[in-house]
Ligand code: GAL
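What follows is a single chain, given as structure tokens, in the form predicted alone.
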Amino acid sequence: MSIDETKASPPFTFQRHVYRNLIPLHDTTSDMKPSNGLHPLRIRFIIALLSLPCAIGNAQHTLISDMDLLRWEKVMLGVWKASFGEIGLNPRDYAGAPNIEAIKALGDGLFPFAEKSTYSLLSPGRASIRLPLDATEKIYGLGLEFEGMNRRSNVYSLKVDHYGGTKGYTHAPVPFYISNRGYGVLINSPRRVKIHVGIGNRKDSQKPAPIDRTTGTNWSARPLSDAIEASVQGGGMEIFVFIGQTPLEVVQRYNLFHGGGVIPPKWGLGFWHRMHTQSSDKDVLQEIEDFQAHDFPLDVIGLEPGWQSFAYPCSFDWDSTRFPDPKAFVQTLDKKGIKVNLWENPYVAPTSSMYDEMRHFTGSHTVWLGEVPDYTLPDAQAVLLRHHQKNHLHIGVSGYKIDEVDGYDFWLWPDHAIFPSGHDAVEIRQLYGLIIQSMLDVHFRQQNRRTYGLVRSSYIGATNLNFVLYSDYYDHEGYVTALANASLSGLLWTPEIRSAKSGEEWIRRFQSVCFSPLMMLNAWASGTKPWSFPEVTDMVRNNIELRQKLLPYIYTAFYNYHKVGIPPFRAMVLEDSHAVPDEMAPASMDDVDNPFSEEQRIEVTDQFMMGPSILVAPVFAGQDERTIVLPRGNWFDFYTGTFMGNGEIIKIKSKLEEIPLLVKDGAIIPMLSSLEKTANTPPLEVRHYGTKENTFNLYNDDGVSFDYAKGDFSITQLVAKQGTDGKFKGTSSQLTNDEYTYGPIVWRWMTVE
């Protein structure tokens, strides 16, 4: 709802043009100075000041004129930009370049705000904006969050930090929000953005009439506001607006604006196991034998702090007692088809072999008594990359887990720290994880070698970077909410498993992990194995194998992430057909659940979409049945093809061995028939569900390089079509070269009338 400028009174300018330019009451230079030191003009000013309350009362509805109108320019189809002041260290410098052709393919649209309805204010020490908000709009996004989905009627302090009680303190507080009205707003700033989402009414805003709490009805502790207001401590902002016919298109445009999503190496979508921190090379080799003995697949071994000669801070050098011959160790694993991922935090110990060279490019404060490199400096980046290339990457290490770039204030450097680049310490902390991701990503791309890693913090434009977020937070339901929320901000998130209190919790957590962007057991402290709860070991194995068989489907979903910006794992609010059934309408006010009658928004946070057609509904320990909200359209059980419902809420009895997977009508799901790694062209089982005809363009490439960017990939078109006899028939054809085609295809018709 925009502000009607035609009804505005003459501008009330005291605060902006008088108060900020006060002349001292005592003038020691003027010839007109009276004997008491007060200038006559100052006396008149004092009289005016005493009459100020009356002036405020007469002009309280015109305060908006204190702000400047934002001036928007269209930078490409469906994308507008406004800016004021200076933003400092630009986060977008560490993002990918826009995929302009893919953005063009989304088409164009109208700017979402009315003329003269968007404002900025630059005051000493703070920059702020005000954007219109309709009373019924829902707002989503604002980065990685573990609670809820709709951000309306709350205040968020978007600070890179460990997840805590303050809303917005999280690992990736991306200042990008999406409206269900088909637009999104990015506040591009390296500073901590504080955003009031439809909360906090200006005196001159359009707002409902007050309601007496004692005698009235529907009183609200958080009255609706007609605006979103955001501010930073700093000298300015860039604001980008993205439009789309649907919220999904808005997210697509945002992702493509930052280069499009990643395509991980195929090994990155396999099973990861992180060793106990004190493990040696012999321990790792024994662990691999144990995996083989228990018939569990293993694609990546993660080494935790103990691989280094010094950790917290880090030496980044191999510990010679645990790993006396790192090259032989890494290459031994490589021959077994297992990649090595190394844990590190960025802080350089005095014992590190790169300490003397790096210390010239570090900040004024230490973390765990280790130097903090200023990675905005090319020289600092060069020191790290030379060291890592020589000691890790050259011998075959696949990538890194970047820890401790999100931590509490009492761990990391203070806001007043000084860095040699001259950049502000707050800005560097907000962007530190993003900068390190970008640095490593560029290095791997230069070698035409894909990586897939883990990181504890991220920020604007990370869509194109080959890293997945993780956390010490361990609430299972919160993990699933985070997985869905991440998709709204160009992020990937893994609900890693570490430990469990029972076999039931173990298998339930494993199921969530298996249907996420990175499938990992992180046993760095627990020492757990996939078979640690024998009663569910076979179930765990079956779920891992199902995930691996779905590789052709999931890999294609990541290709679509890269090519057209559709998140491979995404929140239900991005489904075009998603609508909340009437029976889930908000409850009225009561004195227990809703004592303040605050605006309630129905949120589906415990289910999400994987790829174009599969709805994933994790089950949590203790649940005998599972409620699932089905979008419009027919939905079928993945395992049996049984019809499950259409645009309704269903309840199903939970099975311990299965995570509920529901599939859209007409879905085509390509799967590996075998997990044998020896096959160059593995055979496929292609499933079709429901009664709709459909087409699926199956993507494949070499799985390790960036040659796909030069057109070196294959697209196989799978078509399910109904014949004149009413029976379905499946066909396949090559749309591109056939170098990376799969083997023989067997069609399986899952739904039988």
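This is a predicted model, so every value here is computed, not measured. Numbers for residues come from their place in the sequence shown, where the first is 1.
Below: the form predicted in complex with the named molecule, not depicted.
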{"query": "is_contact(F291, the named molecule) in the predicted bound form, heavy atom dist at most 4.5 Å", "finding": "no"}
{"query": "Contact label in the predicted bound form: S279 to the named molecule, heavy atom within 4.5 Å", "finding": "no"}
{"query": "The named molecule contact at Q308 in the predicted bound form, heavy atom, 4.5 Å", "finding": "no"}
{"query": "4.5 Å heavy atom contact, S225 and the named molecule in the predicted bound form", "finding": "no"}
{"query": "E404, R456 and N522 all contacting the named molecule in the predicted bound form, non-hydrogen atom within 4.5 Å", "finding": "yes"}
{"query": "Option touching the named molecule, based on a heavy atom within 4.5 Å in the predicted bound form, out of E229, D374, E304, D161", "finding": "E304"}
{"query": "The single option of F569, F271, W343, F176 touching the named molecule in the predicted bound form, heavy atom within 4.5 Å", "finding": "W343"}
{"query": "Heavy atom contact within 4.5 Å of the named molecule in the predicted bound form, the stretch among 396 to 404, 618 to 626, 96 to 104, 313 to 321", "finding": "396 to 404"}
{"query": "Sequence-ordered residues of 468 to 488 touching the named molecule in the predicted bound form, heavy atom within 4.5 Å", "finding": "Y470, D472"}
